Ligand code: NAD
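Only one chain is given next, in structure tokens, and it is the form predicted alone.
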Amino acid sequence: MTIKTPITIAYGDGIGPEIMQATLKILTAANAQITPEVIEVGEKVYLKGYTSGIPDEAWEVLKRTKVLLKGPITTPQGGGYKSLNVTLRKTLSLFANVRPCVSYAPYVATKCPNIDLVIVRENEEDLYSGIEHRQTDEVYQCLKIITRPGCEQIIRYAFEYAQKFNRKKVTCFTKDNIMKMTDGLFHQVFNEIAKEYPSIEHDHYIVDIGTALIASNPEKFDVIVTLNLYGDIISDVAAQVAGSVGLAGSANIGNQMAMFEAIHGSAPDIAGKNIANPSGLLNAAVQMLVHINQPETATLVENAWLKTLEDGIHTADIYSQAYSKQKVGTQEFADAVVARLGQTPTHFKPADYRPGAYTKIECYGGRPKTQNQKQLIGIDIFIDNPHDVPADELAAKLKSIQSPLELIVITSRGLKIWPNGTIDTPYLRHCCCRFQTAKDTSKLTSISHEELIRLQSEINKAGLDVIKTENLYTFDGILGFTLAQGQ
């Protein structure tokens, strides 16, 4: 007796129900050994008062099945609603977002007919941590959180993926020429882990030129690993360059759970019209079949889909006079794929997910290492300065406060404005005042938390509004903070 794998199904919003119905029709016809359990998520749930977009009982289903096939959802505007996708990825520890990007020329129009790359995007950290604050009337911030265990986990996953799927090269994208500590850590860990995979080539690009190369010469890339925000952007760029965002599927992988979805949105403007292309969700379902160890079914479905493209049976989004023979709707496209189950493409390379070749990849961060010697040596104190008190006056007031800490620099948006500020009209309404135990970084000594608290109290007594603080540390004598621009 065949044991079926339980999976959770979320139809989603907009075109979600239509493309999910089409996808499940194909999976059923292919005899996929799955037992679907349906949950409701998305817009209707938001509007019932669940600001996360998912009801409590749905979590229990997900924990039981550990696999989710999800249609696109709509997040209502305003009202404090949080992105359900981000919530699911973080709550279920889905640290790796895996987005294959393939061109299907000439049947899908593209200027780059030889694209076959995979983007492995970190899924839990970076600016997508969603930690934002309004600090003054005019100033908002979003914190970029990067951890060493998070870097180790996603980068190792990228190399393991390349190894298991016979990929030749892994490329790292960062912006560490500017963000030297956060992106710099990601690049450093990439170089460390790459040494453990000598049979796989590796290289690194600054993300801006790397993105330009995806748009102009995507054939040079094989597997790309990058941080959360960059990965979100470049995966859509790559999918569009390949021909259509509507064809791309996405896997969100954790060590215990997994979620599979199309990368496009819910497209409410075409919902209910039977014109949406279900290919993105279907390709995500193929990734799901590989993940749950049904490679033969994955091969069967993907080859039938490729044969449908070759035969010119196309939805409106990819229809062309040159290569299309029939324009069909969502459900008719699904019927065409079902009719070709068991056939293989002749122009495209047939899919071949070999049994046993693609075992689930588990990766954990936090390799054992010695503990750094951490020393508290100062504090950055952010001031709301709504009356545009000049930097010299602000410095004079701060320097009059008795403290073992010395005022070193005042900055605005990362730029030094005191001492010896060079800009004529600096932005003064949001100032960062850096205090250290010594100006000379070679002479820094420890300070107590009590002294930092006392300093903040004295600043408050001086009539200044402290809106945020960041403690300054050294780690084994190395500065744990960046210098100001111009310092």
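All figures in this text were calculated on a predicted structure; none of them were measured in a lab. In case it trips you up, residue 1 is the first one in the sequence shown, and so on.
Heads up, the form predicted in complex with the ligand isn't pictured, but that's what we're talking about next.
**Student:** Of 240, 141, 75, 129, which residue is found within 4.5 angstroms of the ligand in the model of the complex when only non-hydrogen atoms are counted?
**Tutor:** Partner contact (heavy atom, 4.5 Å) among the options: 75.
**Student:** Could you tell me which one of 290, 263, 304, 189 places a heavy atom within 4.5 Å of the ligand in the model of the complex?
**Tutor:** Checking each option against the ligand in the model of the complex, the one that comes within 4.5 Å is 263.
**Student:** Is there a heavy atom of residue 270 no more than 4.5 Å from a heavy atom of the ligand in the model of the complex?
**Tutor:** Heavy-atom contact with the ligand at 4.5 Å: present for residue 270.
**Student:** Would you classify residue 97 as touching the ligand in the model of the complex, given a 4.5 Å non-hydrogen atom cut-off?
**Tutor:** Answer no; every heavy atom of residue 97 is more than 4.5 Å from the ligand in the model of the complex.
**Student:** Can residue 277 be called a contact residue for the ligand in the model of the complex at 4.5 Å between heavy atoms?
**Tutor:** Yes, residue 277 lies within 4.5 Å of the ligand in the model of the complex.
**Student:** Though only this chain appears here, would residue 406 touch the ligand in the model of the complex if you measure heavy atom gaps against 4.5 Å?
**Tutor:** Heavy-atom contact with the ligand at 4.5 Å: absent for residue 406.
**Student:** With the ligand left out here, work out from 457 to 465, 424 to 432, 24 to 32, 65 to 73 which stretch has heavy atoms within 4.5 Å of it in the model of the complex.
**Tutor:** Partner-contacting stretch among the options: 65 to 73.
**Student:** For the three residues 15, 85 and 317, verify that every one has a non-hydrogen atom within 4.5 Å of the ligand in the model of the complex; reply yes or no.
**Tutor:** Yes: 15, 85 and 317 each sit within 4.5 Å of the ligand in the model of the complex.
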